[in-house]
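Just one chain follows, in the form predicted alone, and it is written as structure tokens.
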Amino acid sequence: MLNSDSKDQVTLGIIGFGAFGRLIAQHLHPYFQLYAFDPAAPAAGRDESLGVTFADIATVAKCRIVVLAMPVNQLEQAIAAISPHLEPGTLVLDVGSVKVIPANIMRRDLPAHVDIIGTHPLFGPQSAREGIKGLKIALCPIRGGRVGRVAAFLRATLGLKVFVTTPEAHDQELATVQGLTHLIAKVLVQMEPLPTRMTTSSFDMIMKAVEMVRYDAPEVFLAIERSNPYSASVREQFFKLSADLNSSLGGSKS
């Protein structure tokens, strides 16, 4: 487990209960006593299907593990709300698609008595529809020495492939891996309707990738493209090479 408590004592609070918060609950409720807070969720009550109890933000922040599951532009506000209630030794994690900016915010604004790990599950509700075993997650240790125990739990219990990295290395790679994927998907969606009858296997694979990100919240796309400090240079290189290729084929230079 992630700490020395027994199963019945391990409490995990989810701040932000959108699509990804629900995905967290779906896969972690067998192992933790889950609590959740979201302004749009019930103020109290229980969702038995997900094994989660809804409570006020102060109660959720008192859990032994607290997961911040909101867009990066809401992170500072959430940390300000939970910080007075976090107890010594609490482990705080985020699950955002970018890591440099959230890591700096958490390091600066969370109280010194909590441990911090930045995480990025490299999947979402669409790609996890058939389960999460074998999928990937990145861990960025920020404060404290518990990343090894977290990684062991994720590998052994959830079957995830774990990569321990730095926020900077994460964002450098994901600016290409995720930034280009979402960018291309956005363009293809705007080109619809696209052919569906005489398609090739490669085209079908591209459209499958589009479907995996089509329904992501707009905030996810904006975070990937604007909150990753390396995304702009990757986009510029991609568009330049695309323009050069278009020009070489006799296309317009404008």
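Numbering starts at 1 and follows the sequence shown. None of these values were measured; they are calculated from a predicted model.
Unshown form predicted in complex with another copy of the chain; subsequent notes refer to it.
- The candidate stretches are 33-41, 52-60, 204-212, 66-74, and the one lying within 4.5 Å of another copy of the chain in the predicted complex by heavy atoms is 204-212.
- Although the partner is absent here, L194 sits close enough that one of its heavy atoms falls within 4.5 Å of another copy of the chain in the predicted complex.
- Contact between K186 and another copy of the chain in the predicted complex is found at the 4.5 Å heavy atom cutoff.
- Although the partner is absent from this view, T119 stays clear of another copy of the chain in the predicted complex, with no non-hydrogen atom inside 4.5 angstroms.
- Although the partner is absent here, F153 lies well away from another copy of the chain in the predicted complex, with no heavy atom inside 4.5 Å.
- Note on the partner interface in the predicted complex: the residue among L93, A138, A78, A103 having a heavy atom within 4.5 angstroms of another copy of the chain is A138.
- In the predicted complex, F163, T165, A169, H170, E173, L174, T176, V177, Q178, L180, T181, L183, I184, K186, V187, L188, Q190, M191, L194, P195 are the residues of 162-195 with at least one heavy atom within 4.5 Å of another copy of the chain, listed from first to last.
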